[in-house]
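This document opens with one chain alone, in structure tokens, the form predicted on its own.
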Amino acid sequence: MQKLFTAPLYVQIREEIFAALRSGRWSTNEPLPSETKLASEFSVSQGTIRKAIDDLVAQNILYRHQGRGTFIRRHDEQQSLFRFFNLAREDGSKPVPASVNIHCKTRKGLKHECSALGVATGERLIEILRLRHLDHQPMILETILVSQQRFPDLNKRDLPNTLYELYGDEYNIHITRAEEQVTAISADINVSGHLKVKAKTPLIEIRRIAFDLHDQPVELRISQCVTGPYVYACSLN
């Protein structure tokens, strides 16, 4: 008879805590209960709670703040930059991108866009087109697509440089991971005009899908990038 696999206790508790996070039980502005209180609630040892939380910290879902407690990870500008922005100078340092919003509008989603976002074909999407400068030069043209149903009135807001922070603070949607595909393209007339390069200039295109605590796709982002003095750099753990 085949033996059934039973996950270690700390893994089971980690999943229970994760389910509580997904349900919105705890606010991003308040620390989670102490390890002692969680241990009592889940009827396990404090060491088991600590291992479960360690795993969630390692997955960038939680973070510990010395002297204050454990919090759901938010995305401020620096945190988003170092975790999700992968263009770097040749020495490895990352420039802080500045953004100029070209438009923010609603439209029907195309089949492949809706499929990437896990919504019905033709659902209303919010499209953000923005130009990002690195070291004062236009280097990235970004098209960002999200579901209007999930982000009502996003198209009426003043959009900050770091959208993931806005998603968490205003919509309680927290980005926990992203998948990227990188391809080589050449600039068409429209893209070359925005990036101030000649048509057919070689670019790299980064297609990113960002996921929330439920592991549901939240955002489709297509970045068309002039590399020049920059490289695409990411860490594989």
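Rigid core (definition): largest C-alpha set, two forms, superposition within 1.5 Å. Just count from 1 along the sequence shown to find any residue number. Bear in mind that the values here come from a model prediction, so they are computed numbers and not experimental data.
The form predicted in complex with the DNA is left out here; the points below concern that form.
Screening 59, 45, 28, 190 for any heavy atom within 4.5 Å of the DNA in the model of the complex leaves a single hit, 45. Checked against the DNA in the model of the complex, the residues 177, 51, 207, 194 give one hit for a heavy atom within 4.5 Å, which is 51. The chain is drawn here without the DNA; in the model of the complex, the stretch among 181 to 189, 168 to 176, 195 to 203, 29 to 37 whose residues come within 4.5 Å of it by any heavy atom is 29 to 37. The shortest heavy atom separation between residue 10 and the DNA in the model of the complex is within 4.5 Å. Contacts between stretch 185 to 201 and the DNA, counted in the model of the complex as any heavy atom lying within 4.5 Å, involve no residue at all. Core-superposed comparison between the shown form and the other one: the C-alpha position of residue 65 differs by no less than 2 Å.
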